[in-house]
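Only one chain comes next, encoded as structure tokens, the form predicted on its own.
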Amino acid sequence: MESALAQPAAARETGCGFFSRTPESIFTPEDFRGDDALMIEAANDFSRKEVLPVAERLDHQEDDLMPSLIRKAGELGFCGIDSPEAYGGLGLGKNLAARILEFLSLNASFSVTVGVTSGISQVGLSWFGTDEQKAKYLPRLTSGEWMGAYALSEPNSGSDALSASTRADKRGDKYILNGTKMWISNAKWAEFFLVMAKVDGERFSAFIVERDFPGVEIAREEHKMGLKGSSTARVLLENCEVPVENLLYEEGKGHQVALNALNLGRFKLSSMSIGPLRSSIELAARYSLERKQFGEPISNFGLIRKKLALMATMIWASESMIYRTGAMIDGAFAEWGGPVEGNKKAAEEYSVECSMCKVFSTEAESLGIDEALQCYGGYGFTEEFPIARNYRDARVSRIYEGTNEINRVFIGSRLARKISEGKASGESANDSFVAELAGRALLSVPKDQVGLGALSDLLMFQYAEQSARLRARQGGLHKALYGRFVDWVNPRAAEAYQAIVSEAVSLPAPSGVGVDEIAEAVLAKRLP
């Protein structure tokens, strides 16, 4: 299947390159056309026809309901979008895979289930596995016959994942694993687990563990606030016997498997997070048109229209960052991908941008869904309307795939390291208010976490603003959305700057863009 082309290697941006220059153009969601657009529409149809009608049943984890949906998704190619064609995948780009996941994510419980089995459970195998390992396991995963899970976190190692205590000891032709993995998505249904453990308690390594291996036990389901339709449980490994041929990559190099998978996982999670926001905007628009107070629909009220405009603006800005980043990732894989070392280089190149997308989109999701629930008033606080489910489900997005706090530390510290190594510029393009503030702040990188977090926010806002500005060149409603976004982001960038340098800064005049044009567009389509 022909896919939208990424930017040529000679023209594409290098990681963190956006600080010192503005590209001529970026890839935007409007650039998905032809077969790509058909795949995206198929994902949207699947969500609306197969998943949303059974959302309540999913929340009760009705027997075999979620596995049956995954099998149906597998038949359509959704369980192996960017996995190699030789092993049953579609072999498409990371950017298209993320866009498809966005539309498969209108229900968050299904989103996390399909996202894990098609993403972080497979990607390490695709990049680092032997031909024999890939031939044995990938076709089962890409077809939806098996579900996959990613087992990194432990009761005492969450953000500090490399401090894991699960141990692997080699005995003859087997490794014996002992330990407990926690918060494992898909645990109830998975047949394939990508497990991280330390060989001899020292060398952090990755292993392929089958559910039926001796010594594997799945504990009870966690009683969660949200994502009730997904499975989350502990995986207990007690003298678990793993054949030596199920070591993935090399002893002592499991961190390369784990962290590179997380880089791409954060990118895809960005799209998965704005799927529920997309659904919530639609719910809020429909409700505000139907609900009448004071003799007219509440959609006529200025403060409701302001909420609809903000929700649309945040999803638009998130998309602008995400699909710009995805095209650059595709360009990196086109240039370097294939060999293990090339895959690692491509996955790491835009790790900072992936974290920026993750933090920005998950916080946009929470802000937007909160505003959507507010449109419902008291009814939004009941379980009679689906917006309550979206609200509960959205909360975890800021926690998994690395908390937003640990991602902020990563953004600032990784960028500082790249600047010191000459791999990124410490200069700013200075082509907007936000960029000018970022340029000033980069003159002295903070050392403490609070300052580093503020710098990360400022740089993230710069990337979002620049991406939105480049997309706005398409004209029409894009210009209005950009104006609203600038009015939202400028004061937040100023706040971050002040936290770094402790000096006052004057804000530019507002853009003058009103909310009505955007709100009318949302209400007309009942969509973002």
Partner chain sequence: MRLRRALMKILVPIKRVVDPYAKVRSLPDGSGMDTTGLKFEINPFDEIAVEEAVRLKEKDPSIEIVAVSIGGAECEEQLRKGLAMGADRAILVETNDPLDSTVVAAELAALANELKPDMILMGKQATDDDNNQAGQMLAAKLNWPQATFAAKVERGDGIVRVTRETDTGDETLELPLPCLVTTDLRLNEPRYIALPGIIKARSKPLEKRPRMTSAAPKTRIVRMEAPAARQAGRKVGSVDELYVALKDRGAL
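Numbering follows the first chain given and starts at 1. Predicted, not measured: the structure shown is a model, and the values here were computed from it.
The discussion below concerns the form predicted together with the partner chain, not included here.
| in the predicted bound form, do 21, 423 and 436 all reach within 4.5 Å of the partner chain through at least one heavy atom apiece? | Negative, none of the three is within 4.5 Å.
| message | Which residue, 56, 503, 41, 64, is the contact with the partner chain in the predicted bound form, using a 4.5 Å heavy atom cutoff? | response | Filtering the options by heavy-atom distance leaves 41.
| query | Which residue, 46, 27, 482, 497, has a heavy atom that falls within 4.5 Å of the partner chain in the predicted bound form? | reply | Of the candidates 46, 27, 482, 497, 46 is the one lying within 4.5 Å of the partner chain in the predicted bound form.
| Does residue 76 reach the partner chain in the predicted bound form, with heavy atoms at most 4.5 Å apart? | Output for residue 76 is yes: heavy atoms within 4.5 Å of the partner chain.
| query | Using heavy atoms and a 4.5 Å limit, would one call residue 31 a contact residue for the partner chain in the predicted bound form? | reply | Output for residue 31 is no: heavy atoms all beyond 4.5 Å of the partner chain.
| message | Even though the partner isn't displayed, in the predicted bound form is residue 347 close enough to the partner chain, meaning a heavy atom within 4.5 Å? | response | Residue 347: no contact with the partner chain in the predicted bound form.
| query | Can you check whether residue 100 is within 4.5 Å of the partner chain in the predicted bound form, heavy atom basis? | reply | Residue-level check for residue 100: yes, a contact with the partner chain.
| task | Determine which one of 482 to 490, 465 to 473, 31 to 39, 56 to 64 lies within 4.5 Å of the partner chain in the predicted bound form, judging by heavy atom distances; exactly one does. | result | Correct option: 31 to 39.
| task | Go through 349 to 366 residue by residue and record those having a heavy atom within 4.5 Å of the partner chain in the predicted bound form; state none if no residue qualifies. | result | If the 4.5 Å heavy-atom criterion is applied to the partner chain in the predicted bound form, 349 to 366 yields nothing.
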